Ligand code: USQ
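The chain below stands alone, shown as structure tokens; this is the form predicted on its own.
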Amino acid sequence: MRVMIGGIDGYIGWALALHLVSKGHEVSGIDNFYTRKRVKEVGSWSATPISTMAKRVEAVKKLTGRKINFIKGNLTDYDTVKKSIRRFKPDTFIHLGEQRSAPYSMIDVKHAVETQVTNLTSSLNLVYAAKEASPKMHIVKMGTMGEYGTPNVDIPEGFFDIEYNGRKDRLPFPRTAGSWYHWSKIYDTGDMMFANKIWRLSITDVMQGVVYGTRTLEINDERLHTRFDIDEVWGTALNRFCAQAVIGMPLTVYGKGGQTRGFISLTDSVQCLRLAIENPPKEGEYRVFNQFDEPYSVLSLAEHVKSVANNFGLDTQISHTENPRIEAEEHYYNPIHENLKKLGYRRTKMLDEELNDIIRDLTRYKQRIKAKKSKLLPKTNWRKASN
């Protein structure tokens, strides 16, 4: 199958490319190195050193004999998107090429506007390009479980049945975002649903949980590393905790630590995306997958990291710091996630097994993490975002 990845240079994008190649798929990708530039902007870098795209593609060719076709381009440029689809004729386009950081979107008005303009423009360009250049192409859009917020009811996969004033309907489940970034993803979802409605495009909308991990089975050579961000802007809580443990910093839990979210390993994330590709929706169908393994509170994650790190001889402590975000710190959280299991998804490793691999990998790059130690502490404050 021919697969094109928008955002192929990213954390998930590169790991997915390697996974798909290993399964015999023909992979092409487009990226403008947005994340590399923006991570550098906040004074950080990937804890795992990553090669240039040219060297990455060369390494894949040498190690596997397979070719990845790459275009340097920006998904906010409509002609680039349409020409790329016409050139490579993908069966599936996976849209990972957006600004993915909630804290980055909350820095100030400039970053808020950049986030929403970038994300909505790229999504609109993709659906219009699909309509014009390849109307039967399957679009997989990467959404986020954060679109749902933390309602005091179970969270379905996209839609729910409701009865109100004696009438019944099946409606999209309400979205309640916690950042300008998450609102952009909600708008993306609306645009995808509308494009499906008016043009009958086949779309899979993936509401993904928080992803963690340094490697997949295919990342078995240093030249194939995917990025691993650790700073407070681009690094997710669990990845950041692992980095803090490796250099002897206390694990900085925001507030009480009762914030609960769905998490999934990088290995299982790319497995899920492959299953979505290999089992496309019916022509003209719009479907939603909630993609995560199980929910954890932030404090429970810190406790897992502490336990695993102690087994490595690391004296790891947990500290609580003022929560820079505006969010419920204690809440009900029970999302449904059955659709991917119906396609054959099975979890690969349990959390502590994955944490062992992360800490072992990060220990090799202890000095890189130490060099950015100050960037691991919270700075971006939702209440004090500048203008």
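Keep in mind that what you see is a predicted model, and the values were worked out from it rather than measured. Each residue number is its position in the shown sequence, starting from 1.
Not on display, but discussed next: the form predicted together with the ligand.
Proximity to the ligand in the predicted bound form, taken as a non-hydrogen atom within 4.5 angstroms, holds for one residue of N290, T92, T316, Q259, which is Q259.
Of the residues given (C242, V81, M145, L273), M145 alone sits with a heavy atom within 4.5 Å of the ligand in the predicted bound form. This chain is displayed without the ligand, yet in the predicted bound form the stretch 325-333 from 50-58, 31-39, 348-356, 325-333 comes within 4.5 Å of it by heavy atoms. The candidate spot formed by R2, S123 and V140 lies out of contact with the ligand in the predicted bound form, as no residue has a heavy atom within 4.5 Å of it. The ligand is not drawn, but in the predicted bound form it has no heavy atom within 4.5 Å of T214. In the predicted bound form, the ligand lies farther than 4.5 Å from every heavy atom of I155. Contact check for G235: a non-hydrogen atom falls within 4.5 Å of the ligand in the predicted bound form. In the predicted bound form, no heavy atom of W183 sits within 4.5 Å of the ligand.
Along 243-257, these residues reach a heavy atom to within 4.5 Å of the ligand in the predicted bound form: T252, V253, Y254.
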